[in-house]
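Below, in structure tokens: the form predicted alone, a single chain.
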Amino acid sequence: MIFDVEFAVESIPGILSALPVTLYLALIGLVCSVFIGLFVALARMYRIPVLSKLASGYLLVIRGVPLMVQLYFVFVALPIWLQDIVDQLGWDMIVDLSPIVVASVALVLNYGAYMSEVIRSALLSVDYGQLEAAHSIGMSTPMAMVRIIIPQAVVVALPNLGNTIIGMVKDTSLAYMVMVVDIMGAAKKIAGSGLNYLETYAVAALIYWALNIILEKVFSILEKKANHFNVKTVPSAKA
């Protein structure tokens, strides 16, 4: 098999044109999964009745089923469920979800579970005595969480958060399986004209690699700044 370098180079602009779709999926996945992860983590930490059980069941299901299966399940089941709800409400409309919506929902549900573990471990790393001290000066629990606990937990969570986001960017490559034209979708589409899959997939791999190197550098800088902030703001034991 001969690698067609010329075809690979010519395919770069077409594949790069789908980069915004990949970044959009990753951004939506990040923002929404953080909110879901925080909610699930707090429900489990504070053992909120009913919610803690639902959160544990959610983690059990999501972490036990491959993302590809979840993607196909959402692709098939979600429109049917929504259409059933619409019909029961008596609305005269047809539910037609775009592939990007389907991929976003699957990605958010999947990474919400993993993000909850990142957030929970970070929150548990902060000394509980700080929350008690905040209560002693009249702070409510939500205020103490926002002003004292969460800022410290963010610093602890950064390494795992970075790894999770990099994994999310790579997993967006599965979105092409539900007809999303992301980097992988564009690579497959371009390759189909001449069956040059090796060339276009190699280009896609290089784009993902470059993108994740950038993310690694960004999180490395954030970690250094966060550690520097801790050194400047947290008094030493001798002090």
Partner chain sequence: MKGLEAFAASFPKLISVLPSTFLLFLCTVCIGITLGLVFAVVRLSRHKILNAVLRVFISFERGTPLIIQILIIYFGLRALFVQGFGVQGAVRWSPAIFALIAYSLNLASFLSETFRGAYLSIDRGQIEAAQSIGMDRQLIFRRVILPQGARIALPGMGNLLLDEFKALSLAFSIGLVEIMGRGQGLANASRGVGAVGIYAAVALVFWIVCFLLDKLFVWIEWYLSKDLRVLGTSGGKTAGK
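Computed from a predicted structure; not experimentally measured. Numbering follows the first chain given and starts at 1.
If you look for the form predicted together with the partner chain, you will not find it shown, but the lines that follow are about it.
The candidate spot formed by 33, 35 and 154 is out of contact with the partner chain in the model of the complex: none of the three has a heavy atom within 4.5 Å. Among 179, 61, 45, 54, the residue placing a heavy atom within 4.5 Å of the partner chain in the model of the complex is 61. With the partner omitted here, the residue from 174, 190, 41, 26 that has a non-hydrogen atom within 4.5 angstroms of the partner chain in the model of the complex is 174.
Of the heavy atoms in residue 204, some are within 4.5 Å of the partner chain in the model of the complex. Contact annotation: residue 49 falls outside 4.5 Å of the partner chain in the model of the complex, judged by heavy atom distances.
Using a 4.5 Å cutoff between non-hydrogen atoms, residue 137 does not count as a contact of the partner chain in the model of the complex. Contact between residue 69 and the partner chain in the model of the complex is found at the 4.5 Å heavy atom cutoff. Contacts between 73-100 and the partner chain, taken as any heavy atom within 4.5 Å in the model of the complex, involve 73, 76, 77, 80, 81.
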